[in-house]
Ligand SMILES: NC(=O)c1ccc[n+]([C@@H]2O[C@H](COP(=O)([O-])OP(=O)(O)OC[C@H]3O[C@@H](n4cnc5c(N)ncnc54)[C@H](OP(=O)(O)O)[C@@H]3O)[C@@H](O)[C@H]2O)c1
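A lone chain, given as structure tokens: the form predicted alone.
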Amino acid sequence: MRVVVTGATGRTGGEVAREVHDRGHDLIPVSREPAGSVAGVDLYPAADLPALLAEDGGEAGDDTVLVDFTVPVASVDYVGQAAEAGVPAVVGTTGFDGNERAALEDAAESVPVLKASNFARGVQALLNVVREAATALPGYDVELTETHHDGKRDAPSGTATTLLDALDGARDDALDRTYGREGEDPREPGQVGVHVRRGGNVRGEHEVLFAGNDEVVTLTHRAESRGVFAAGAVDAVEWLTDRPAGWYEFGDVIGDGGD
């Protein structure tokens, strides 16, 4: 399988590239700053992406997949190029606005696109448990705290937003998202407090707190290494290759028993 990794010099993109190489796939690492190599493979400039996607006898082969861990503007561009070449795309970039997400969904009309805010299997388990807890604990106050390294761009994280969406889906009424508190700001019914912390080299930590009825329940996921995200992303690549055009999520991989 040929795996084209955009953002291959980034924190997570580099881990994905090494995981692709370690599993024996044909790694094609791409970067806007292509000096050097990743996993012993020379980097390609982003300007070469259309040609790289189209290689394999002049046409994109069924065994070519794009994996993208970049920034929203670049991601939309790269996934659009993959769609034009008939190449499936796995997207781990976060922070998309409504128009950018719509562009990804448009691409999914012609090729399979798998978008996930987090490729850790434990986060998928956390999402399931959060939904169950939200249903079993109606009326409990809910707070969400997420912590990431000091270089993360989007706040709150994509995973935090996915958790908030899961809470909304499990309750009759959507929660009013309150981002931090300052001054005289008492808690109102139906709120969910969202708190963001940035520092050091924290890979990712998310905690959902339920409080009520003189009890507190906390559900936490902590990533100890970016390797968990890379492994999940490559699991998604291997799962996606034979799928029809459409929109997929990492939960589809887990639910299908994908290894």
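Worth saying up front: this structure is predicted, and the values here are computed from it rather than measured. Residues carry their position along the shown sequence, with the first being 1.
We do not show the form predicted in complex with this ligand, though everything after this point is about it.
- In the predicted bound form, this ligand stays beyond 4.5 Å of every heavy atom belonging to Arg131.
- Within 4.5 Å of some heavy atom of this ligand in the predicted bound form lies at least one heavy atom of Arg11.
- This ligand in the predicted bound form is not approached by Arg171, whose heavy atoms all lie more than 4.5 angstroms from it.
- A residue is said to contact a partner when one of its heavy atoms sits within 4.5 Å of a partner heavy atom; Val71 meets this definition for this ligand in the predicted bound form.
- Comment: 27-35 is the region of 47-55, 186-194, 27-35, 205-213 lying near this ligand in the predicted bound form, near meaning a non-hydrogen atom within 4.5 Å.
- This chain lacks the partner; the member of Ala89, Ala116, Val76, Ala160 within 4.5 angstroms of this ligand in the predicted bound form by a non-hydrogen atom is Ala116.
- Residues of 171-208 include none with a non-hydrogen atom no more than 4.5 angstroms from this ligand in the predicted bound form.
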